[in-house]
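Below sits a lone chain in structure tokens, taken as the form predicted alone.
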């Protein structure tokens, strides 16, 4: 299924808001998307561009699972299987993403959004970067891009990531930025795997994928992408990048980052741009959800792990809620240590029993209120470098204190019970009532 096929499906189910009134890519579109979140919208008339824009595509796990036709509790096994079993994709000679080829590109023609008033410029936030290394092969990941001119962008490159390794080795790196992708491509590009693994093979396991060779750079790109921006990133040609709203909904700093010079833009006929709101629910989902299988795997090596939620309240990056089937008194602490091993950027880990719904913050807080004692159940890790996204981390070093909260009940209670009382079930229809909420 392509992105546009998914939108047709949403429309047939009356779940797509079509906006035909002219709208600006400068602040206006971002404002509308944020206010109607998580409603998916298609903007048909963009004032500064001939292209349409779709936003709020996958704001929840339910939306993501619905695309693949699986229940929410199958997301982690599905992602884990794809990561463990990447499969070769088909390569074709012609593709929809190259229906139009512009070798004299002008980024101003694209509906690249300016999201918030403090932004340093117009930003591409949904682009999947594909690059190639002579030894490691292809790599796919996300990098935000701030437009500098009709043909140049500043690229935020996180140090020590695979793309950074490629760039440090090659100094100049040909890339393709793919925009308007189905969730198999989006989720695969967001995974953390060993260097040398082609993430598009993970995407192919999630859903069959065809690739095509880019027009001006030596990489393969998803054939169904809406847009592909081709160019070269120069390590030593630096430009100011930022400020920009990051995952924590706070502004990131201004940095001197590598510059991308655009060579070509290809796109589908009647192409649609994917607007991904920074710090909003879709951004959080695509960042946090691919970390859950890794945490699950590590925890399940130590205790019986049932589910993991890298939740939006924790910026879908800094917090993890882990549900276990407790068998031994120290299972909670073991799960905490394993969760930190599974996601090095995590700041706080909460471990709960199987009777706690990890998607309901009220239940998690209830477990903390009734099953947690700070002098017994709190795990404090030594200060160490944490996530660069955390504004409270130590400036410069990003050192932070990691905490683990064992919210599980003891296997053998002394005194009052730790179990919640169950109310009887009634047939509401019998009394002419419906369940609320």
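Numbering follows the first chain given and starts at 1. What you are looking at is a predicted structure, and each value in this text was computed from that prediction instead of being measured.
There is another form of the same protein, the form predicted together with a small molecule; it is not shown, and what comes next is about it.
Between the options 95, 170, 220, 287, the residue in contact with the small molecule in the predicted complex by a heavy atom within 4.5 angstroms is 287. Between the options 201, 261, 190, 80, the residue in contact with the small molecule in the predicted complex by a heavy atom within 4.5 angstroms is 190. In the predicted complex, residue 147 stays away from the small molecule, with no heavy atom inside 4.5 Å. A residue is said to contact a partner when one of its heavy atoms sits within 4.5 Å of a partner heavy atom; residue 276 meets this definition for the small molecule in the predicted complex. Mapping the unseen interface onto this chain, residue 283 counts among the residues with a heavy atom inside 4.5 Å of the small molecule in the predicted complex. With a 4.5 Å cutoff on heavy atoms, residue 185 does not count as touching the small molecule in the predicted complex; it lies far away. Comment: 193-201 is the region of 263-271, 359-367, 193-201, 107-115 lying near the small molecule in the predicted complex, near meaning a non-hydrogen atom within 4.5 Å.
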